[in-house]
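In structure tokens, the next block holds one chain alone, the form predicted alone.
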Amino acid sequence: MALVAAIELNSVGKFFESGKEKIEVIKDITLSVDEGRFVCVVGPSGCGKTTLLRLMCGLLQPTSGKVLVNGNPPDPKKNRFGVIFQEDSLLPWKTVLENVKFGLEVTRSKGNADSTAREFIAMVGLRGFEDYYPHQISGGMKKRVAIARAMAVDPEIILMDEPFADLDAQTRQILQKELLSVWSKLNKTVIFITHNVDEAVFLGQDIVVLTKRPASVKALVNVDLEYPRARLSPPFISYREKILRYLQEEITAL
């Protein structure tokens, strides 16, 4: 029996209406993501990457074509999505433990929420910080809490929209390694949007390169490198330069 793709987009298009004007954001995207893959999405600024993410989890409906999650249209009420945005989404009046438990209490039975939350807090390296509030921890630690909260609900798919963009380079690299460590243990499907090509090559098994708006798929690059990846190795640099050339073509195109 053939495997069903975790996410499948068939000739998907999306436009928004502004007065009498129609603004086309996504154009004829066809894409299939197998279960357990780590897929990075890159493209020119403003091309429609976040819109694509929202289509994947059912927060937006396509104007044309079909989006399928495990063979069915996505439904935020039925599918378990773990979503992490660039903006800090922690609840400031709740502790680290309470923030991680929050999603569990909404989506699962409360009986094991405490132990499950503590397990994932430990997994992201925050044991001992359970009783801290968001204003008492660093930006990188807040991102770890967000990752723990998203993973704790046992999501089918993790959707990440430039989650590390506002962090310094050192913290960003540390969190990239920790994210890969958690992903390798849990074997979740991950869609990771980024502007950073180095980040995409370091993380992604596959990299989807989008065109400028309206976004379509310019290239799908399989990164055939073992983890962990050495950023200064010739193969890594070769992949990075390949992606940069694709993006440069879009930036300079008339």
Partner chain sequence: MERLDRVKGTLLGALSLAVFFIIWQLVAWYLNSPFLPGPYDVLQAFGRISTSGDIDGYTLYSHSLMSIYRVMLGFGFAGITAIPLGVFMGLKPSVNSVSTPIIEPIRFIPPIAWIPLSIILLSGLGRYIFLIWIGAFFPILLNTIAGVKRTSPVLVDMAKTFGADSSTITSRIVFPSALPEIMSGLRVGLGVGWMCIVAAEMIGGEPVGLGRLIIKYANLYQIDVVILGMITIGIIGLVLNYGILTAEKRLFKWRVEVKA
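Positions refer to the first chain, counted from 1. Everything quoted here is computed from the prediction, not taken from an experiment.
Another form exists, predicted in complex with its partner chain; not displayed. Remarks below refer to it.
Contact with its partner chain in the predicted bound form, defined as a heavy atom within 4.5 Å, is made by all three of 85, 88 and 149. Proximity of residue 135 to its partner chain in the predicted bound form: non-hydrogen atoms within 4.5 Å are present. In the predicted bound form, its partner chain sits within 4.5 Å of a heavy atom belonging to residue 153.
Of the heavy atoms in residue 207, none are within 4.5 Å of its partner chain in the predicted bound form. Contact between residue 59 and its partner chain in the predicted bound form is found at the 4.5 Å heavy atom cutoff. With the partner omitted here, the stretch from 97-105, 179-187, 117-125, 162-170 that lies within 4.5 Å of its partner chain by heavy atoms in the predicted bound form is 97-105. Taking 54, 213, 229, 37 one by one, only a single residue has any non-hydrogen atom within 4.5 Å of its partner chain in the predicted bound form, and it is 54. Annotation for 171-201: no interface residues with its partner chain in the predicted bound form [heavy atom within 4.5 Å].
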